[in-house]
Every structure is written in C-alpha cells, then in structure tokens.
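Quick heads-up: it's one chain on its own, the form predicted alone, in structure tokens.
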C-alpha cells in the first residue's frame, strides 16, 4: 500500500529569478519518482550566464532587504510559516513523491524545517547587539549585519528540511538567498519559492537555480556570493569547501556519515528494538543520521531479535519508502553480496522484499541486517546510504569505542543502555558532533544546532541554531566617545 499521492502529469519547474519563474538555457532533465520510475517533472539546466544574471538580481535586491527593519523581515517570515502549515500535506506528498519517502516522513521533514523557521522568528527578540560603557565616556557596541548574497546547495534526501535549515535564518538576518536544489528532487522548490512570494518577500531576495555541476560551480565562483552552505557526500563536500575557501569565501560544507550505535546488555528491550530498527530503516536509510553500524557488546542476542522483529514488520510503500535511483539499489545489493562473501551472516535480507502492488518498476530494497561484520570491512566503514545495518560483535565497551573512533566520519553516535555511567562514557569518548542516549536518530531540536565533526563537516560552526547566526552574518564593533572627561584612565 502506497500512501503518497504522485503527480499524474509532469510538473515543469524553472529558475526562480527576481520573483518570476523562467527556464534555464540548458538541456532538459527529467525528474523520476523512485516509486514507479516514471517522469513526474522536468527542469532545465542553468548555464553560467543564467546563474550570473540571477545572482546580479539577488545582489541588487539584497540592499533594500538588509535595510528593512528586522521586525518587518520577521513579519514576512511569519507569513511564510503560516503558508507552509496551510499547505503542509500538499508539500509533503510532492516531496515524498520525488524523494521516495513515505508521506509521514515527508511531513515530518517539513515540520522540522518549520521548527527552524520558528527559531528564526525568535531572532528579532534575541540580543542582536549590545552597548556598554567600558570606560569613562567611552562606549563599545556591536551590531549584527547581513553578509549580502549567500547560497546553499542541498541534497536529494530532504527536499524541504535541509534547505529550511538555512533559508529562514539567512533571510531573517537580511541576506539574499540563492538555492540550488538537487536535480533529483527539484520539485519542492516550486512550493517553497511560491510560498515566500505569497508571504510578501521582495522580488530577488530569494532565488532558485536548477542544474548540476555547472550551476554549482558558477554559484561558488560568483564574486557577489559571500557564503556557501552545502549538504551532501563527503567527497563533494570537500570539493565545495576547497573551491569556495580558495576564493576567500565563508563555507560550511556538511558531508557523509557512518553512524554507530553501541548496544549494551542492560538496554531496555522494547526501546532498543524500536529505536535501532527505526534508525536504519527510516527514510530507507537515506539520511546522514541513520545508524549503519551496530556495536553489539556482550550477550545482546535478545535485543537483536527485537530489532529483526520490528524491521521485518515494515511494509514497503507504507512504512518504508523507496531508494532514490535504480543505480543506488544495485549498488546496495552488490554491497550486501560482497559483505556476505566476506563472511557476514544475513539475518534479514532486503533483497528478497517485494515491491508494493502496482509499483514493481520502482526502486525498492527491504531492511537488511548483517551480522558478524568485521571491523575495517566495506560494510563497516563505507557509507552505503540505504536500509542496511552491520552488526560488529564486541567483547566490551572499550573495544566498541575503539571501533567507533577508527572511522573517518564524525556525525553521530548513540548508545542504548540503562547505565548513566556507560552513557556518559560514550558521550565523552565518541568522536562525533552529536550523541544520542537511547535515541537512534539524535538530531538536536532548535535552538540546539546540527553538525558533525571530522570528515562529516568542513568549515567552522553549525548549520542551524544559535551557532549558525555568526556564519550568516558579520558582527560590527563600534567604539565611541562624545566628550572629554574630567578624570581619565589608560583607556580614556
């Protein structure tokens, strides 16, 4: 049973420039739904000239936007929030149809994005400046100011949530925003851009550019773009970071992950069974916070049975969505084959899962659990990006943390235990930016910020929450004195 409403005829989505939609000058790119491998939309690639024209329009519009009082900017963002909530089901169906998510996953991703928007609305009431008499007659002040034009390049797996990590904050701070969505999932940009327009955002302040590598490089290289956000694979994240920083730009580039869950014998059976299963199967494993390695410490076979039971109960199309492309399905199946040949035992085989009725041409793979995976193997170290979890048997927590620390990535680590001492040890020793205690997907809620370390992030700071403000703005410091003082000290 498929719960997502899939467009019956293809949608055409262009570039959103200066408040209007227009086709890119390049070739047409079809958008295929993972549900049935049929075209549900079309975009046209943007040339370097298309990008340059769009960014010049954004740069022109930004100056007036930055001079608009933050209270007025926030009012528009509040309108934007109301429109997204009004249209939430329609948006969730569309983003799920193009990314392969279930409807509930599509809705949850949008709501997380709206949560960031609600945080952005609070910026007007936060301390955006301050003034203090630091010496006799001498005052120091700071003011937060917009950068100018900023850009964000987002992945296929969260067509609304990931761009919504940055759109509300960057716009509220007075920047003009340029968004390059994934060419695999560009249709959601139609809804978000139209919602901002309806909310009253001035033309040119928000720009959407469709395309592939040419568009990305043109955005990074344009001299008017002052800061660049990116979310995607580590390989591309590093390329974006290096290209942007060589040009002297501010870049925050989030990469891939190989997240570990430490499972201890004292863990709650029901909590761990559901939490671990849902972590690696949610969004069909296509998220950077999915668990992909289970570090099974001691005798936890009864816990693993609970994980298998939960994962086996999931129905494709209803409880778990599709994989983004046929090529990715084949890659995942080949990786499972290689793991099996390397000695792993397949406890649950997603290769045998049946597609939902009427969707046999879609991109499907069921939950897969591999046991007795060896540390250092492909299944233990490579980000597969699918509903596959590899179990590594560990004699104690010391061995488990040694394995966790050996991986290049550093996005997230979780532990399932009833012991505060063990939980604190994992918190202390995990080489990650985010840690979960009895939570399989430890995504922080606003205002706590999202971000990993090591090869999961290139750049400084985090992409959401309080720690994102300094990335999307500058702090100007003012020191003033208006009259001569009768007495004085070294500063005055």
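Values in this document were obtained by computation on a predicted structure and should not be read as measured data. Positions refer to the first chain, counted from 1.
The discussion below concerns the form predicted in complex with a small molecule, not included here.
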| query | finding |
| --- | --- |
| Contacting member of 136, 333, 184, 372, with respect to the small molecule in the predicted complex [4.5 Å, heavy atom] | 184 |
| Contact assignment for the small molecule in the predicted complex, among 125, 406, 82, 213, heavy atom within 4.5 Å | 213 |
| Partner contact for residue 232 in the predicted complex: the small molecule, 4.5 angstroms, heavy atom | yes |
| Contact flag, residue 273 vs the small molecule in the predicted complex, heavy atom cut 4.5 Å | no |
| Contact label in the predicted complex: residue 157 to the small molecule, heavy atom within 4.5 Å | yes |
| Residue 411 within 4.5 Å of the small molecule in the predicted complex, heavy atoms | yes |
| 31, 44 and 206 each touching the small molecule in the predicted complex (heavy atom, 4.5 Å) | no |
| Candidate stretches 379-387, 297-305, 117-125, 92-100, one within 4.5 Å of the small molecule in the predicted complex by heavy atom | 379-387 |
